[in-house]
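Let's start with one chain on its own, the form predicted on its own, as structure tokens.
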Amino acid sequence: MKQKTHPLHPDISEDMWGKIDKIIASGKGIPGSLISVLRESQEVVGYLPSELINHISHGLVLPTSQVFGVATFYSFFSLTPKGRHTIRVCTGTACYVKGIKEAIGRIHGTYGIKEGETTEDRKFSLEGVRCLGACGLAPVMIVDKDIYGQVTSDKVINILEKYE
């Protein structure tokens, strides 16, 4: 019996490849399953590196260009590693006027990341969101699923220090 081999990737363990193989097998031959296979695979790894896209392409017997095209079309897919914690800062008008720009600047000064970037240790990813719909709490920031209102440049680092 031939042993199945997986591409080498520093972020994907053999256990993860096993889970991904099961995800691919559940979607193989089912029209329209590509998005769910990509979503579930991203949940396992945290993002979609090119080796994973190639593996999914091969497993679903789809052109790599098609898999890559879907992965780059939808904003919830990421081709780059994300941090363990995602910081979403509201950059809507109310938050902007009340000082979120200064809080973002403080995050940049402390952790060295700008919007759309991840810290080198992959602790945090910083995303700017046009509006979080909580203008009464402005400026607003969400870390993972925790919502913080009236975030100032003085408070933002204390908030982030709570996260490992």
Partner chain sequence: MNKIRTQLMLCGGTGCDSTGSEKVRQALVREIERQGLADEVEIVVTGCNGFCAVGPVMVVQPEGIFYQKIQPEDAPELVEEHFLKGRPVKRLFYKEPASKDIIPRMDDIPFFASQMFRAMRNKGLIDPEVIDEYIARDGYFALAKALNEMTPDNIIEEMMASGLRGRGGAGFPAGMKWKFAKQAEGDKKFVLCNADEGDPGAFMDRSLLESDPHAILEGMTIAAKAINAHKGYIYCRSEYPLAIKRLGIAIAQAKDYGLLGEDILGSGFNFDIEVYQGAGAFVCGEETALMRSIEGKRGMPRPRPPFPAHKGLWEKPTILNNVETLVNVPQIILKGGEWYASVGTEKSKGTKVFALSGDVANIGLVEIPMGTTLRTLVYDIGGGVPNKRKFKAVQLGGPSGGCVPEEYLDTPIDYEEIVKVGAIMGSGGAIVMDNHTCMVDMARYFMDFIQDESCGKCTPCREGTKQMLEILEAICKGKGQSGDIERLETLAHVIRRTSLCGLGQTAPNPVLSTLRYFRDEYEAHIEEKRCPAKICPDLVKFEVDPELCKRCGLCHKGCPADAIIWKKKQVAVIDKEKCIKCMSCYARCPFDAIF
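Positions refer to the first chain, counted from 1. These numbers come from a predicted model, not from an experiment.
Another form exists, predicted together with the partner chain; not displayed. Remarks below refer to it.
> Any chance all of 35, 96 and 147 sit within 4.5 Å of the partner chain in the model of the complex, going by non-hydrogen atoms?
Yes.
> With the partner left out of view, is residue 15 within 4.5 angstroms of the partner chain in the model of the complex by any non-hydrogen atom?
No, residue 15 is distant from the partner.
> Give a yes/no on whether residue 31 approaches the partner chain to within 4.5 Å in the model of the complex, heavy atoms considered.
Flag for residue 31 set to yes.
> Can you tell me if residue 54 lies within 4.5 angstroms of the partner chain in the model of the complex, counting non-hydrogen atoms only?
Flag for residue 54 set to no.
> Would residue 91 count as touching the partner chain in the model of the complex under a 4.5 Å heavy atom rule?
Yes, residue 91 is a contact residue.
> So which of 116, 133, 63, 112 reaches within 4.5 angstroms of the partner chain in the model of the complex, heavy atom to heavy atom?
Comparing distances to the partner chain in the model of the complex, the residue within 4.5 Å is 133.
> Relative to the partner chain in the model of the complex, which residues of 65-85 have a heavy atom no more than 4.5 Å away?
Contacts from 65-85: 66, 69, 70, 72, 73, 74, 75, 76, 77.
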